[in-house]
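Quick setup: one chain, the form predicted alone, written in structure tokens, and binding and motion questions come after.
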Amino acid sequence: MSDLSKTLILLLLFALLLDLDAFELRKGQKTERISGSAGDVLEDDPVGRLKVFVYELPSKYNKKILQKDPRCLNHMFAAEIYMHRFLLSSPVRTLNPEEADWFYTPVYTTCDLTPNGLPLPFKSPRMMRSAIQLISSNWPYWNRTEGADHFFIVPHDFGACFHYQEEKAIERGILPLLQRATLVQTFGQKNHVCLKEGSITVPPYAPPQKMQSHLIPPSVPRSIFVYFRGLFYDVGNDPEGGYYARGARAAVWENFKDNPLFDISTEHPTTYYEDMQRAVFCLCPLGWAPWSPRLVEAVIFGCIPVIIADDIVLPFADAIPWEDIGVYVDEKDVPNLDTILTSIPTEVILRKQRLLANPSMKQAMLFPHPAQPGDAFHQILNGLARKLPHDKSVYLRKGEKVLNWTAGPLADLKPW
């Protein structure tokens, strides 16, 4: 018997033993309570700790855009829509702006979709500038701080840099008028020009009802060791290869396409959600941006997320103990994924699964409608509450200006 065959047999036996242990875990439905610096705030109640004033904008900034393309309700950037709806009926909303801690401007900047459903951010800067001009002209609150007590939902690939290509996003930088505001965004990468200090990093939107409809009995064994479905090469946007996902996805395919422990493919089966519930590890590699909806899906379905994205800032990192529930793999170490994952002790894997089984962990990753205690809406409010009270320095002296209204590309200055 060849050394390769022996290795494969040992790996398969390891996977079988792990699955037997995991089956016993699910059979008893054991969970482990989250504790420590992260996790203590998962169940915080933000009500009573802050008040939010929601600007009433003309419907062309939100409702009419959605009416034009209802697909926006289900794509990964839909948090901006559901956060607006949530705040309109939230107990933290105040109709008296004089008592507000935070001001929210509901602009649906990601609801400009191509025929195949991809959002184009090219109009977003003009749209956002127009909205800010409107609120600064009709209310006095923006001008007191130039937006330092305002927050915006900007769930683009690279947040308020408003471009889907990283080089272009870095070149543009964050929209100048948002430099003082708090940004709630899916994008998070340390030391990156598109991540502003003080931003709140949130999960992408994943339809809660859709995932709920695909739940399988918890007694079904996790018979897949490593699972991934998605692109390995983006030929259309990266024809020479190697730039997409900084080569990490290509390395997964080239090294493990024939490995029996890796169930990986570009095909997206109808059993995708069910398959994740049968897997021990789910790969969550970067794409063009460091994050993807797979992170949310893995947590919801109890599949240990294998995070392959150097310097990523994960959603609600002050509330969710990512190091305890996930596995981090450096992009350069992707060729060693099989060794890394099979070397993790069974007891460590089982503990991660117990933590993932905690309902509050899953709830914090979702934007359900109607809202539920501890969900992503509440984690955002918790993040805003923890930034209070505002430092006195955010309030400008009369006539003082900090932001440059004429900064940025000339195309951004055209009326929207």
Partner chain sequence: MKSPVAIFWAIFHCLCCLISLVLGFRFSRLIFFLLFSNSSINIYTTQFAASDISRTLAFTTSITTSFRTNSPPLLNKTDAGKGSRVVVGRHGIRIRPWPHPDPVEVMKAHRIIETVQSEQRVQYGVKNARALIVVTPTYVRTFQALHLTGLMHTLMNLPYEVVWIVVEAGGVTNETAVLLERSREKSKVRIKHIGFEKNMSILWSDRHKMEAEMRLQALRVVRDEKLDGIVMFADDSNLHSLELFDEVQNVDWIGAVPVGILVHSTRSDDDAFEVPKGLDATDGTKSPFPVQGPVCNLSDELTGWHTFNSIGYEQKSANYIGDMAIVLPRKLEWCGFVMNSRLVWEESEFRPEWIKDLDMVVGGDEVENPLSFVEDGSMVEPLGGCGKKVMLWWHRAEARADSKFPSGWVVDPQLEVTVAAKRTPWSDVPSELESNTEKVITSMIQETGRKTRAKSRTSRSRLDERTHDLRNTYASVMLGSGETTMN
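Residue numbers count along the first chain shown, from 1. For clarity, every value in this text was computed on a predicted model and none was experimentally measured.
Note that the form predicted in complex with the partner chain isn't included here; everything after this is about it.
Using a 4.5 angstroms threshold between heavy atoms, residue 100 stays clear of the partner chain in the model of the complex. None of the heavy atoms of residue 234 is located within 4.5 Å of the partner chain in the model of the complex. Looking at residue 353, you'd find a heavy atom of it within 4.5 angstroms of the partner chain in the model of the complex. By the criterion of a heavy atom within 4.5 Å, residue 246 is counted among the residues contacting the partner chain in the model of the complex. Residue in contact with the partner chain in the model of the complex (any heavy atom within 4.5 Å), chosen from 221, 117, 91, 269: 221.
A heavy atom within 4.5 Å of the partner chain in the model of the complex is found for exactly one of 215, 317, 193, 73: 193. Although the partner is absent from the chain shown here, 240, 335 and 342 each have a heavy atom within 4.5 Å of the partner chain in the model of the complex. With the partner omitted here, the stretch from 146 to 154, 109 to 117, 163 to 171, 73 to 81 that lies within 4.5 Å of the partner chain by heavy atoms in the model of the complex is 163 to 171. Contacts to the partner chain in the model of the complex (heavy atom within 4.5 Å) from stretch 250 to 264: 250, 251, 254, 255, 256, 258, 259, 260, 261.
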